[in-house]
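Provided below as structure tokens are two forms of one protein chain, presented individually as structure 1 and structure 2.
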Structure 1
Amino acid sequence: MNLMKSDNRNTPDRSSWRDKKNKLFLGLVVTLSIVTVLPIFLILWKLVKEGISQINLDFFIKVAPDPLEAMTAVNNGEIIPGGIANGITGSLLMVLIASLIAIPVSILAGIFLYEHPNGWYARLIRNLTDILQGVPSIVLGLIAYIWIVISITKGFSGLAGSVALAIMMLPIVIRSTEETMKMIPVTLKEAAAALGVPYWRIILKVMIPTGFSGLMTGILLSISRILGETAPLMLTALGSTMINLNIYKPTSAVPLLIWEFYNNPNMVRLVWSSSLFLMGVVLVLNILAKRINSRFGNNQ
């Protein structure tokens, strides 16, 4: 109604005030939008500025230094020796195990949801998946602690960390699988069925290959999400000063190392290089996922 009134009284100075307001608001929108993305540049700049000096070959192949070594180096004004090899191997190991646990189940459950758009059971599962996706990661850490640390490995372990991460991956991959499958033309499935292909072969040979890039995107995004997770690992994998590939033993991870470095005044400089590395990997995964996904989009 506002509109009509102002239109009727289109006196020159009123009109110019409306014009001004309009322009002011646009200015406000642009300014606030810039403020919104400013932190990204500030964060990346800080990581690069503070972290780049510590990044060298040793950083990737040596384990974290002990505090004494670090202190000596800092006192002598040298770069801190050692690296984050224990964190990198730990992260890789736990992401691998989490993927092995979560991906097959998630893809199957996602296909189930795609096949059942309606019905109370499918709706229940869909809602539960949404709820799982919203569960704070620290709570999943508690759960993995109760289920694995207390009952199975009788101590902090990489397995417990993997389980916490797997539960985080599950809903992401389930929903992205369902969305991917929905994008595949239904006639493709019917074409295969019309050739007398049994259902399980249609899934394995038609649906999954056709939606492969969509599935990969979901998987890569879920991995980039869990790679940076710290809180649940503090409650489960705990950390380790050595490279450890035994999933029944405490295991380190890059974000866990960042936390340790942060808490140790002598190693603060390693915080930045490790964060820079973590950020880089997450970025690459994100870009990769987007690339694959846009190719998938063009294919259809």
Structure 2
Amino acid sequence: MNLMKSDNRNTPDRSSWRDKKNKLFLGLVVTLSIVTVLPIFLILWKLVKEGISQINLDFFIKVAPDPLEAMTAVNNGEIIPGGIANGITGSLLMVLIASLIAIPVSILAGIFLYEHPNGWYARLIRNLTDILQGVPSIVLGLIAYIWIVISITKGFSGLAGSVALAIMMLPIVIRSTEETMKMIPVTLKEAAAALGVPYWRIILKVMIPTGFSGLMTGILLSISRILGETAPLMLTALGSTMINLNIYKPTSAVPLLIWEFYNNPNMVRLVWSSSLFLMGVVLVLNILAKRINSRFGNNQ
């Protein structure tokens, strides 16, 4: 009886100490979360504060200004004339070509890894994919320089930049495709096979439509990944002061323009504006990927 009374007397103290520890841990988690997120908000605030002044219609429809025009505008306290139209069109062109190259190959490779998970060839592809995902982008740009710039186009070109970006897309889409296929119930494929549907139609009509959300998420995230790359494009696309849609000629891109603006003290404001634009595009793509995954993923 005395022991039971002693335990009852100690229970409120233990409960109080447990509540204090829970509150302490919760406060620590909240504090560390704020410390983690705060730099992101500071970066966003800095980009918006410094870059919004240059955002206007000319920013999207005109090419980058020459250094003299920029210096004159800065000295007069005016908005720097021109924009990043050559970079926007170049980025769209190279991302489009890179997607046309990488997406079909990546989806087929991901399906192959799913269908033959334990084969030596599948293990080799999986290991190479993991290695490729960790390779610095400048190395991939050097590979594209050797393959395309030197051997095919005999000069810098948008095609070489697209190949470099396509190589960067491959590991992301391959692994996302494989993981998406794993989440699809095997019974769907077995039911289609039981009906006598050919294997290739099972893949095209059953597996890919069912895993649409996962596939699109991987594709959009890979596009977000390559949009901000500068190093591989410096070795392949080089850049252009004009709008160029010829994939065999040097082509500009928004990250290349940011680097060029950075090297000119009179164009610093365009650095902030271009960075704000690029961040906005990447943010939209990431939100779109999440929306697609949340809307269609529940239907799988």
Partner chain sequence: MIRSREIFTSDKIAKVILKSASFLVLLLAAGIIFSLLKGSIPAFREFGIFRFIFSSEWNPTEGKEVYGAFPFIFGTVVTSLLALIICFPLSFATSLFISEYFKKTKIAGILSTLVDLLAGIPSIVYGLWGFYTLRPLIVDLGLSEQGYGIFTSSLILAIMIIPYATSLSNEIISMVPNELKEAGYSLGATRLEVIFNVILPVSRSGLVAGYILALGRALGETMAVTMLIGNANLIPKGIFSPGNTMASVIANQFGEADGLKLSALIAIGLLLFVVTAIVNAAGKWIVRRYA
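Since this is a predicted model, take the numbers as computed values, not measurements. FYI, numbering is relative to structure 1, first residue = 1. In this text, rigid core is short for the largest set of C-alphas that superpose within 1.5 Å between two forms.
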Have a look at both and say which one is the form predicted together with the partner chain.
1
Quick check: Leu26 between structures 1 and 2 - does its CA shift reach 2 Å or more after fitting the rigid core?
yes
